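Only one chain comes next, encoded as structure tokens, the form predicted on its own.
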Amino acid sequence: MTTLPRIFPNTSRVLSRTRCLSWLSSSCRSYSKKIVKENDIVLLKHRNNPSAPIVTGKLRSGRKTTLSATSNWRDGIENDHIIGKELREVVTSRKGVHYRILEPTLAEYTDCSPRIVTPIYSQDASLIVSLLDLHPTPPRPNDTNEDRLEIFEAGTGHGALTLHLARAIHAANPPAPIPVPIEPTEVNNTQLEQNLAIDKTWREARRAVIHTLDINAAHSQHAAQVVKNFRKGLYFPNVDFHTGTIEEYISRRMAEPEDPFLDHAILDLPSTHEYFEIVSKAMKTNGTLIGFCPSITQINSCVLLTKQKNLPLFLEKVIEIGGAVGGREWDVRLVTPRALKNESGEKKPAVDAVGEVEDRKVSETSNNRGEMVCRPKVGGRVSGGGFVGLWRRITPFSQ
């Protein structure tokens, strides 16, 4: 080290500046300042109690956010006490309870925002999206690829899964146009028509889109508002909301002169198996069909239907979600047992195609062609939670 300053005279000066810069960087805050503004949505988390956080509505001056409306404990915070503060600052409620102001993550927003139906919780929605294995590519100049990624979701519900899907495909679309603002008291039909024309052109040029359908108009409107309110509508332009039945939507799209248009489909509604046939007609080869069912017997019904109607769908996996067993894979398949009689005339246990003795204690559904094997691949039986079946579209549908 004694020869280093002799060889490089300016070394000590450089090192001293480096240490100075290092000290400055370490003394800086690890997050950027962000001031809460009017119409923002924030997360209020109790400073000491790890209870469920509260997602506010749009903060409007002169109003208050209700924290608790029970008969024994009524509390709230004036919005004016939140507006103008920085994220991570502490605000005090009317009862003297301290809450920290945070920006809600996608998971916190979908799990804690007001609802009118039970949502698909964030950990389950993330798992379902991961099963689709989406890899959207950003738009490039002079890109001649005109293929559009289209995902169909039947059963919009709360809009939690819709929002997760919209985020997953967001990179594929160019930035949405910002409409020219028009004053509420101003009558400017020309500017309004121009804004609508620009929006229509952009929507037609989208490279990825989520089609979400719900039979209940109130549910669809609520879900649209949930998606629109997250991060000032960042992912809202990626979604088209529809109201009606699956038959009406698929039939209308298939009546147009185009080939099967769906890359993926997710069915989250009662009697899921009843819609497998019509949805498979609209799916591209190698497309993914996901059925979300509350019970394993409904997955069985889907498996039996695909066999009985010879649908071009191959079951790749069944996963249990919810609770402490989220993501566990199940073995669900239709087998033909070989019942062999021994010398005493009693039947031996049924053996499946790979020679494994079937456990009669597990759930089974019999039919005239075989039996349904239905059990966890690892561990014992459990109760509760839901089940996700993933089918792959394998061959063109025979008319």
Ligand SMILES: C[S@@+](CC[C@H](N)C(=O)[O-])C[C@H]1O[C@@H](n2cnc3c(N)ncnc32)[C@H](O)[C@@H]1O
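Quantities reported herein were computed from a predicted structural model and do not represent experimental measurements. Sequential numbering from 1, following the sequence displayed.
Although it is not shown, the form predicted together with this ligand is what the next lines describe.
Visitor: Decide whether Asn216 counts as a contact residue for this ligand in the model of the complex under a heavy atom distance cut-off of 4.5 Å.
Guide: Residue-level check for Asn216: yes, a contact with this ligand.
Visitor: Please tell me whether any heavy atom belonging to Leu304 falls inside 4.5 Å of a heavy atom of this ligand, as the geometry stands in the model of the complex.
Guide: It does not: once this ligand is placed as it appears in the model of the complex, Leu304 has no heavy atom within 4.5 Å of it.
Visitor: So in the model of the complex, is this ligand close enough to Phe276 to count as touching (4.5 Å, heavy atoms)?
Guide: Answer no; every heavy atom of Phe276 is more than 4.5 Å from this ligand in the model of the complex.
Visitor: Would you check, heavy atoms only and a 4.5 Å threshold, whether Pro237 touches this ligand in the model of the complex?
Guide: Contact with this ligand, no.
Visitor: Note which of Leu313, Ile299, Ile151, Ala160 lies within 4.5 Å of this ligand in the model of the complex, where distance is taken over heavy atoms; exactly one does.
Guide: For this set of options, the contacting one is Ala160.
Visitor: With this ligand left out of view, which of Gln123, Ser251, Thr201, Thr118 would have a heavy atom within 4.5 Å of it in the model of the complex?
Guide: It is Thr118 that has a heavy atom within 4.5 Å of the partner.
Visitor: Pick from 263-271, 133-141, 279-287, 88-96: which stretch has a heavy atom within 4.5 Å of this ligand in the model of the complex?
Guide: Flagged stretch: 263-271.
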